[in-house]
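The chain below stands alone and is given in structure tokens; this is the form predicted alone.
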Amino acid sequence: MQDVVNQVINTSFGWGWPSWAIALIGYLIVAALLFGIAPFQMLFLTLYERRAIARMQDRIGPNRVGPEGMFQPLADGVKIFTKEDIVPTAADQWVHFIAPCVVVAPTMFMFAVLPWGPGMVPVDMNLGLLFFFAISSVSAVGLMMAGWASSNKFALVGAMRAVAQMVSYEIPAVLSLLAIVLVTGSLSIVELINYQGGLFISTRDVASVPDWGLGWFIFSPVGFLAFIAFFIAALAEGERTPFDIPEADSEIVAGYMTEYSGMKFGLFYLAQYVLNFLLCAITSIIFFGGWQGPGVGWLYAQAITPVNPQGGWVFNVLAGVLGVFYFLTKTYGFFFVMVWIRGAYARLRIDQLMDFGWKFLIPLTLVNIFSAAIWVGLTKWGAADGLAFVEGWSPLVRWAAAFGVTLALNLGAYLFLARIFAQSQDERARQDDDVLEQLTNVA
């Protein structure tokens, strides 16, 4: 952004502004865009979900306010702004007030390291991936504050469920990403995207493949298994069906939000939808190349960059528009999958959720880390690292060997763990039936 601002102000108009002014303008533009994008995403995604769910259930959905119901989110926003803010008498007033802010703030910070297109990242941090998930964990504190301060048993139970669920599923989420970090050797989100240039095979693994921006991690066994595990964990992190246990309306009213009304209630929904958007976005970035796609790399090579300061700003715009299109298409595609799952599957029980995470998902991601180590060894190591037998192989042969070995290992681990997990669930079901039979006989 600063390169483009400097090109427009100092080169095109010749005003000669100092570098600090250029940097300030660049940061203000980025901040304004981000703070405008977050509420817009919430409004759009609520309408998107309501219309999609309605179609799946043979209904029409919102269709009264505006053409095809397009202004329904705005009407809902006006309504929630005008609702009375009611605080229970026995609630902790200050904690009850601060909790929604603690939940919303981390989601806004997560935008800071999210690349939207080539050269379109607010802050390119070397530890961007770590920052993204570290800051997301702060929301759990706000959820517990909301449940505890409400002086309501249903709210407290919902908060405890939410925290237990987030802590449990952050482990497989991070472990699945650790496999990708091993392959790339970087925690920079920008570097993760740059690594995925190529055509079904990354140019970093086989330099001779054409760079069409399609060398996504999803096309490797390590990346595919990591994607499945991460997306399941993302559903739990975002409290999406079938993991919407913290807000189980049939059991605990509305969970940790039970005693909230007005705009405080709206802040929780804002945080939830923005978090789901960010989880879909980071999924598309890590496993589907983010803004990578045919044509973006060539356009950006002609644009104004630190490497090519004499480029044309028109190519910055074209590369940015095409990159943002690819990025948002993938992101909204994953959000549609979230909506689709909501319309197709029932909610899990809390014991089923915990069993699946700890007994199946975590062991599977640990195996995938081992597969990632094998992938790195076969594709990048040589005699100096103790793998002299692969020294004479071509990069394509090394990639094919790594693909075959990791595919066999991950597939075998999945079948083995799935069988053990199914047996454990059958045993639990038999125990539940025995307990129910005993209670029936007593009654």
Partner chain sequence: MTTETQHGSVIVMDRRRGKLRAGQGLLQGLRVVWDHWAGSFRKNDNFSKIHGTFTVEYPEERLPMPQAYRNMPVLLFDDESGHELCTGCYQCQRICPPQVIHITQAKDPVTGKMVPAATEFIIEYDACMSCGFCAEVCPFDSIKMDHVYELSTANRASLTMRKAQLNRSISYYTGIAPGLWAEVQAGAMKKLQGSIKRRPDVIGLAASLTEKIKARRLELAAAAAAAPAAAAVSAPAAPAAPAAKLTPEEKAAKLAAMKAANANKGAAPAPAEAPVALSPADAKAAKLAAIKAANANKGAAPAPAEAPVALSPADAKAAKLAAIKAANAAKQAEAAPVSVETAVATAPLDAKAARLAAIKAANAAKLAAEQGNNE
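Residue numbers count along the first chain shown, from 1. Because the structure is predicted, anything quoted here is derived from the model rather than measured.
Only in words, not in the display: the form predicted in complex with its partner chain, which the text now covers.
Trainee: Taking a heavy atom within 4.5 Å as contact, would all three of Asn63, Tyr414 and Ala418 count as contacting its partner chain in the predicted complex?
Mentor: Result yes, every residue of the spot touches its partner chain.
Trainee: Looking at 288-296, 315-323, 344-352, 215-223, which lies within 4.5 angstroms of its partner chain in the predicted complex, counting heavy atoms?
Mentor: Among the candidates, contact is made by 344-352.
Trainee: Trp340 near its partner chain in the predicted complex, any heavy atom under 4.5 Å?
Mentor: Trp340: contacts its partner chain in the predicted complex.
Trainee: Does Tyr332 reach its partner chain in the predicted complex if we count a contact as any heavy atom within 4.5 Å?
Mentor: It does not: once its partner chain is placed as it appears in the predicted complex, Tyr332 has no heavy atom within 4.5 Å of it.
Trainee: Would Leu409 sit within 4.5 Å of its partner chain in the predicted complex, counting heavy atoms only?
Mentor: Because no heavy atom of Leu409 falls inside 4.5 Å of its partner chain in the predicted complex, the answer is no.
Trainee: Although its partner chain is absent from this view, report whether Phe71 comes within 4.5 Å of it in the predicted complex, heavy atoms only.
Mentor: Output for Phe71 is no: heavy atoms all beyond 4.5 Å of its partner chain.
Trainee: Given that its partner chain is left out here, which of Phe97, Phe265, Phe370, Phe336 has a heavy atom within 4.5 Å of it in the predicted complex?
Mentor: Among Phe97, Phe265, Phe370, Phe336, a heavy atom within 4.5 Å of its partner chain in the predicted complex occurs only for Phe336.
Trainee: Could you check which residue among Leu387, Met56, Ile29, Val376 gets a heavy atom within 4.5 Å of its partner chain in the predicted complex?
Mentor: The option sitting close enough to the partner is Met56.
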